[in-house]
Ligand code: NAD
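Only one chain is shown below, in structure tokens, and it's the form predicted alone.
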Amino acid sequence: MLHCDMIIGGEKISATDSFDVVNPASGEAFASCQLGTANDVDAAVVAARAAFPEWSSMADEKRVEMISALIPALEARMPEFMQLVTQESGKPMGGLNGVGSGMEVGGAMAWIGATAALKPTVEVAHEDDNVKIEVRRRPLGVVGSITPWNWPLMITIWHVIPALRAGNTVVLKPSEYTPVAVTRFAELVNEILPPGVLNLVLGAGEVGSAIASHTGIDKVVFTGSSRTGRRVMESASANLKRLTLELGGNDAGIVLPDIDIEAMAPKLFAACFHNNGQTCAALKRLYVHESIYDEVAEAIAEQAREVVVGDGLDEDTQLGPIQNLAQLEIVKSLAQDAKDQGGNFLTGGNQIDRPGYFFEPTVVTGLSNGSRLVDEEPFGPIVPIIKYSDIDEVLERANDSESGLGGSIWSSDPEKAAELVARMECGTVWVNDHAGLNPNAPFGGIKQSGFGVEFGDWGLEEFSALQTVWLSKA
């Protein structure tokens, strides 16, 4: 069994208690981790604050050089990281359309490189014969990072690397469901960066709450559910710490009647089911025009019947298990409610009879807004396909959600699609695609999907404070 220690001030730290990490493909533990407490968060904050002066004042070129050194360190250990991600998250090594642990580790390296290349700028707000006014950016101090279980390594990179690039130090808490690859990454970071720049505290709710409320932490970046995000926001008020919250999504896709069904069906299926539907910005509810409704639904269902579900370590597997038992129970509950509401299951609808947390890829028709499966984010391999007849009506139904993370328009007419995207109430809109991300394009939600953005210059700015400098010429 693998063993994971916490890292505080560059040193591995043990605890009195530990917790197991379960492989969702078997339902059995494969790793044991130290169980941190609020006292460990206190120690991590002390270490991070002690490391901050040196790290924040380091020459920019040197800081970029050290962060960039993480890329070859990860690349040299890519097979190891892929296996760890697969064992703890369940995602396949390759996966449907290449969305698996290989993509996660490779994407982590790409994001490190793109973020390291960003450079905070000094802007001139005003200049005349008497004064020059510059707008500079300075690091905030200590950043607390709380990451989820669905993309454990990738989202850690999204949180930690821009924080470090901006000159902050970090206290990191990965999900207790998926801490293993993140622990290995933290070990690599501490081999390259100065002690205390990145501190790792393992644990569950007590550790997350301690980070959110800690007065020695200047900002928290959190990815997870809207419910937990609200608790983080409430706790953060203790010292008015800054926040970036990337919360739940129940993304809608609208399919116009002019699409090429044969060409679009595989893309629609992948948008709904990549990573087994366990992505905040996956397509969660699909609205299809009545003239092509049955044909599109059957084409997607056919994809669901053919996809290979299994242990992510098996080469042929395209979709793995649901990551944890609690999430499996949520998906089962939503499927049962859809059955009770008269939903028509074109495929799936049941837990697979094998060890682990497997659920059949499921396509449901005959539902609409007001059904739980339409109104609630399932975060699993199940999607409702909803019939519509009028574009104004379907836009209203698509926007009738507390969530506002992403959405998509599917059409053979780019100009028509471009007119409609502005009417979708969400942070990102795709045309003939869904859930694509780029390290140079901002990503974030509105409504109950959070606030603040990640990626690019916009995301980097979230980890710094403006400082206005008046330079008198007199």
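Heads up: residue numbers just count along the shown sequence, starting at 1. This is a predicted model, so every value here is computed, not measured.
Another form exists, predicted in complex with nicotinamide-adenine-dinucleotide; not displayed. Remarks below refer to it.
Chemist: Within 4.5 Å, heavy atoms only, one stretch in 181 to 189, 221 to 229, 76 to 84, 307 to 315 touches nicotinamide-adenine-dinucleotide in the predicted complex. Which?
Modeler: Selected range: 221 to 229.
Chemist: Since only the chain is shown here, I'm wondering whether L247 would be in contact with nicotinamide-adenine-dinucleotide in the predicted complex (any heavy atom pair within 4.5 Å).
Modeler: Residue-level check for L247: yes, a contact with nicotinamide-adenine-dinucleotide.
Chemist: With the cut-off set at 4.5 Å between non-hydrogen atoms, does R285 touch nicotinamide-adenine-dinucleotide in the predicted complex?
Modeler: Because no heavy atom of R285 falls inside 4.5 Å of nicotinamide-adenine-dinucleotide in the predicted complex, the answer is no.
Chemist: Test of understanding: in the predicted complex, would W111 fall inside 4.5 Å of nicotinamide-adenine-dinucleotide by heavy atoms?
Modeler: Taking the distances in the predicted complex, the answer for W111 is no, it never comes within 4.5 Å of nicotinamide-adenine-dinucleotide.
Chemist: Under a 4.5 Å heavy atom criterion, is F379 part of the interface with nicotinamide-adenine-dinucleotide in the predicted complex?
Modeler: Result yes; F379 sits at the interface with nicotinamide-adenine-dinucleotide in the predicted complex.
Chemist: Looking at P361, P321, P174, P92 here, can you tell me which has any non-hydrogen atom within 4.5 angstroms of nicotinamide-adenine-dinucleotide in the predicted complex?
Modeler: Result of the distance check: P174.
Chemist: Tell me, which of V394, A338, M154, I146 has a heavy atom within 4.5 angstroms of nicotinamide-adenine-dinucleotide in the predicted complex?
Modeler: Partner contact (heavy atom, 4.5 Å) among the options: I146.
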